[in-house]
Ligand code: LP5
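Only one chain is included here, represented as structure tokens and corresponding to the form predicted on its own.
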């Protein structure tokens, strides 16, 4: 007889969903209709959408499809929690209500699999990227957000497109180390929260790192993006397992 599966959580991030990548949307829908239904909880740790310009776009086809799929998981008695990323930080209460999800603060410390675990998107750890951190402070300012959300949808969409284009251009001139987490920032957040295990996304560099902080051994797990096929992390009492999530073939490939 097959032993019963351990109660577990599943964590994903950095899908960057957009109408231009139906293969990633299909992979997410398969995940939500399959593995997610067997979990106790799922955590979406930011940048699920390539951009989010306001909850008044919830009825756009992609958003409606994804939100309905998340809601079906929540209705199956799975706890669903969402953390903002640097692309979808404007997701708000209407999204959460429709999706049946809660919104998590970044960072959030909780027990997963019986072990203290700190969840983050990860962008706040990239402190060597001074220009990005200044931009982040600007767009997270409530006054800026209120002004942005007061613009017509198409104007907001154009602004988001310009910001993405500028970001991609800047990446070409930045070193890989600058765009990765700063060791000092990782050590500081682990120290602040009592030396927990840390799980985050954002950097698109999936790995498990070991950090020695003040004599404490800490694990740091980094989630994958889904651009060429992603993963999720399964967390239970036995530890963490990385599970691959392949992308379906696109038409014409």
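Please read all numbers here as calculations on a predicted model, not as lab measurements. Residue numbers count along the first chain shown, from 1.
Although not depicted, the form predicted together with this ligand is the subject of the following passage.
K.L.:
If the cut-off is 4.5 angstroms on heavy atoms, which of these, 90, 120, 112, 101, is the one near this ligand in the model of the complex?
P.N.:
So the residue touching this ligand in the model of the complex, by this definition, is 90.
K.L.:
Tell me, yes or no, whether residue 202 is in contact with this ligand in the model of the complex, where a contact means a heavy atom of each within 4.5 Å.
P.N.:
Although this ligand is absent here, residue 202 would touch it in the model of the complex, with heavy atoms inside 4.5 Å.
K.L.:
Is there any non-hydrogen atom of residue 97 lying within 4.5 Å of this ligand in the model of the complex?
P.N.:
It does not: once this ligand is placed as it appears in the model of the complex, residue 97 has no heavy atom within 4.5 Å of it.
K.L.:
Consider residue 137 of the chain shown here, and say whether it contacts this ligand in the model of the complex, taking contact as heavy atoms within 4.5 Å.
P.N.:
Although this ligand is absent here, residue 137 would stay clear of it in the model of the complex, with no heavy atoms inside 4.5 Å.
K.L.:
Report yes if any heavy atom of residue 51 sits within 4.5 Å of a heavy atom of this ligand in the model of the complex; otherwise report no.
P.N.:
The answer is yes: residue 51 has a heavy atom within 4.5 Å of this ligand.
K.L.:
Taking 188, 195 and 207 together, does each of them reach this ligand in the model of the complex with some heavy atom inside 4.5 Å?
P.N.:
Looking in the model of the complex, the three residues 188, 195 and 207 all stay beyond 4.5 Å of this ligand (heavy atoms).
K.L.:
For the stretch 163 to 194, I need every residue with any heavy atom inside 4.5 Å of this ligand in the model of the complex, listed N to C.
P.N.:
Sequence-ordered list: 163, 164, 166, 167, 168, 170, 171, 174, 179.
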